[in-house]
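Only one chain is shown below, in structure tokens, and it's the form predicted on its own.
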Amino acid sequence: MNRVVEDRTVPPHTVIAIDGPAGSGKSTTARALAERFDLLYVDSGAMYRALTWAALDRGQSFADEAGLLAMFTAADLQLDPARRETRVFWDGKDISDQVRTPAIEANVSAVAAHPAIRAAMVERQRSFARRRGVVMEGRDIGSVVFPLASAKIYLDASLAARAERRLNQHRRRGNETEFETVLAEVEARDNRDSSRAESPLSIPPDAVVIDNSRLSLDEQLERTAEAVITVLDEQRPRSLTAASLSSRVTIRYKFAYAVFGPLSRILGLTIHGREHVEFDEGKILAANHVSNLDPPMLAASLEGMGHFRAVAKEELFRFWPSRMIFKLLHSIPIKRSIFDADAFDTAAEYLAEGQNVVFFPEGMRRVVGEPGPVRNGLGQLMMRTEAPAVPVFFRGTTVAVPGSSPNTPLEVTFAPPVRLRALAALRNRLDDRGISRLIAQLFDQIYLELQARSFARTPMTTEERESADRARPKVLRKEAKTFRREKS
């Protein structure tokens, strides 16, 4: 059953991601939200601290990634979300007090920096959310662990405020230290977390940023809970009547739907998440790209929903058959080897008018099973227009056959819209190129998550692997040629 919070419902499988630097109040806030919304609280930091404790206890080098991974994989690590602080058990031993000492604090970043360790932790953390709704806190929860979290919060506070909180935590645990020492530790931790190569600390572009430097604990909790409820309300699909949808479909699109709709049914297209596509405002449909069949299948999946403008490579406008089709649907030609200002201007104008734009942010067809990298163009368009972007994931368009089958699953999946809620905060820290990269990295993770969900339904098939092997050399050559200027 859903639980009513201030006369509003919170779905039982809600995932709330809370990120922020050390001492920003993540654990306290996450625990309170979990209790309020009847969700499971998961302290991701405690998992890294537990492995750090085990390495110290056994004399394991922090630089030995393989040794640390073997230790973590073999261990029975359990978390008990107690009221004040999560209880941590390693192979049945309660190490809750040991994982919160200055020695652990000083070394946990070194353990967390290893890619293999983070990958194993992420998989363990995601397993919690497969069972029920969770509130999880950490430093990459909204950007890596749960890129499709129902709601994302980034808690921030001044360095001095965070050091003071950490000092009070140490004293409550009986660890005597000085403010200046803790201040230096927190600042050093910030630097390590922000500069590490693997999943550095950053603000998820779609997170609500809350600076709690001057908030009381009650004010912080209330503001965070209200932000979560607001985001969930924004993400809740709104039904559109058949009449309102029909009025949006022009004769050109009725013709296109008449062609592509039957084709998709012949090929056995399965559509997931169409409720997330509502043409009630200008939206970007940000789709991965593996085949020339992607655009027709996208059109088929939106049959009767309205019309959209597709940004398509200019090469498709050079030959009259394809040029006729793309012009019929008001598509926007784009030069991919440069920043095509004209194409972005046109797309921005359509979005400002409340029209919808299809954008393939990888910039070219990719290898099946290997989505990304997303280029900077999507971030530039989102920042310029502040339009939400609906992630779209295609599977099976390279091996589609009539009727479809478990060996050749044909799917299109829509995720909830991504909105740049953190844009103002990000602009205080980064230039536009840096923000574009964060947006691109978020969509890289979103596509990987959508792919993982699809593979959970139907594992990657032999036909798909063979298709990927055939395509990979050509894709790599084309990528080097198309984006050579971007790399220079």
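Everything numeric in this text was worked out from a predicted model, so none of it was measured. Residue numbers run from 1 along the displayed sequence.
Not on display, but discussed next: the form predicted in complex with a small molecule.
Peer 1: Based on heavy atom distances of at most 4.5 Å to the small molecule in the model of the complex, which listed stretch, 411-419, 86-94, 157-165, 185-193, is the contact stretch?
Peer 2: Among the listed stretches, the partner-contacting one is 185-193.
Peer 1: Evaluate Phe37 for contact with the small molecule in the model of the complex, applying a 4.5 angstroms cut-off between non-hydrogen atoms, and reply yes or no.
Peer 2: Contact with the small molecule, no.
Peer 1: Val368 near the small molecule in the model of the complex, any heavy atom under 4.5 Å?
Peer 2: No.
Peer 1: May I ask you to check whether Glu362 falls inside a 4.5 Å heavy atom distance of the small molecule in the model of the complex?
Peer 2: No - in the model of the complex, heavy atoms of Glu362 and the small molecule never come within 4.5 Å of each other.
Peer 1: Hey, in the model of the complex, does Gly138 get a heavy atom within 4.5 angstroms of the small molecule?
Peer 2: Flag for Gly138 set to yes.
Peer 1: For the small molecule, considered in the model of the complex: do all three of Gly45, Arg49 and Arg118 come within 4.5 Å of it, counting heavy atoms only?
Peer 2: Checked in the model of the complex: all three residues contact the small molecule.
Peer 1: Work out which of Val277, Val108, Ala256, Ile332 lies within 4.5 Å of the small molecule in the model of the complex, going by heavy atoms.
Peer 2: Contact with the small molecule in the model of the complex is made by Val108 alone.
Peer 1: Identify, from the list Val390, Ala112, Ala129, Val231, the residue with a heavy atom within 4.5 Å of the small molecule in the model of the complex.
Peer 2: The residue in contact is Ala112.
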